[in-house]
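Coming up is one lone chain in C-alpha cells, specifically the form predicted alone.
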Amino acid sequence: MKLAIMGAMPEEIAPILEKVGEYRVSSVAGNKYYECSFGGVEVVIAYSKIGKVFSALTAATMIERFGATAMLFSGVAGAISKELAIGDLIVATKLCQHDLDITAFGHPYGYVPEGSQFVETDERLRVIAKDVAAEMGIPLKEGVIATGDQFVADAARKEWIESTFAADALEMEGASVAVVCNALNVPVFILRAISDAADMDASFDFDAFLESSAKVSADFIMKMVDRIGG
C-alpha cells in the first residue's frame, strides 16, 4: 500500500511534512512530491495549487507516477449549510462540480455523458475517520461538497448551489480529485475545515485560521495513516 496525502496550498501540507520528518523530493510537471515512510506505510505528499485542473493533474501523477493506492485530501472550505460553523470538520460523502453546465443539451448541472453528477468517496476511509474523530474528541460532520473553479462569495450563488446539489460546503479541488481517483479505482477521502460561514466575524483572520486548521488536519490525517497501516 502507498498512501497519497494531498492539499491545495503549501500551508496545508507543511505540518504533515513536519510530522514525517525525513523525505525525498521529486519534481514532476512543475510540482514537488515528497516521499517517505510513516509508521511502516509508504506515503507520497504534495500540494496541487488551487483549482480543478492542477488538483486533477496532481492526483493523477500521485497515482500513475508514484503508485499511490489510496488518496487522503485535506484542506479548507466555505460553508453553505447553516449547520456548519468556522472550524468545523466535514468529510465528503460525495462531491459534485457546481460550475459544470451542459444543461443546454438536456443534462442536469454537474453532469457529463459517460460520467455522473456526483462522485462518492470511500466508505471504509470514512469509517476510519469517524474512529479517529472519536479518539481525538473532535466532532466530525459528513455531507455533500461542491467544487468549482470559482471563489463563491455571492449569497444568491451559494443558495443556488445548495438547492441544486443539496451541498453543505464549497471548495475548489475535491470533486476533480475524486473523479480522477474514481476513474483509476483508487479509494478517496476528502476532509475539509470550514474557513468561512454565513455568520462569520468580520475580524476573522484567514491566514491564522489556515495555519491552525492545517495543524489539526495534519494530526487527523496522520492518525488515519496509523490506523490504515495498522
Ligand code: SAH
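The numbering used is simple: start at 1 and walk along the sequence shown. Keep in mind it's a predicted model, so treat the numbers as computed, not measured. Superpose the two forms; the largest set of C-alphas matching within 1.5 Å is the rigid core.
Unshown form predicted together with S-adenosyl-L-homocysteine (SAH); subsequent notes refer to it.
At a distance threshold of 4.5 angstroms between non-hydrogen atoms, Phe151 is in contact with S-adenosyl-L-homocysteine (SAH) in the predicted bound form. Using a 4.5 angstroms limit between non-hydrogen atoms, Ile50 touches S-adenosyl-L-homocysteine (SAH) in the predicted bound form.
S-adenosyl-L-homocysteine (SAH) in the predicted bound form comes within 4.5 Å of no heavy atom belonging to Val44. In the predicted bound form, S-adenosyl-L-homocysteine (SAH) sits within 4.5 Å of a heavy atom belonging to Val76.
For the candidate set Val180, Ala70, Leu191, Leu170, a heavy atom within 4.5 Å of S-adenosyl-L-homocysteine (SAH) in the predicted bound form is found for exactly one residue, namely Leu170. Judged by heavy atoms within 4.5 Å of S-adenosyl-L-homocysteine (SAH) in the predicted bound form, the contact stretch among the candidates 35-43, 60-68, 172-180, 22-30 is 172-180. Residues from 178-196 that approach S-adenosyl-L-homocysteine (SAH) in the predicted bound form with a non-hydrogen atom closer than or equal to 4.5 Å are Arg192, Ser195, Asp196, in the order they occur in the chain. Remark: with the core as the superposition reference, the CA shift of Ala214 between this form and the one not shown reaches 2 Å or more.
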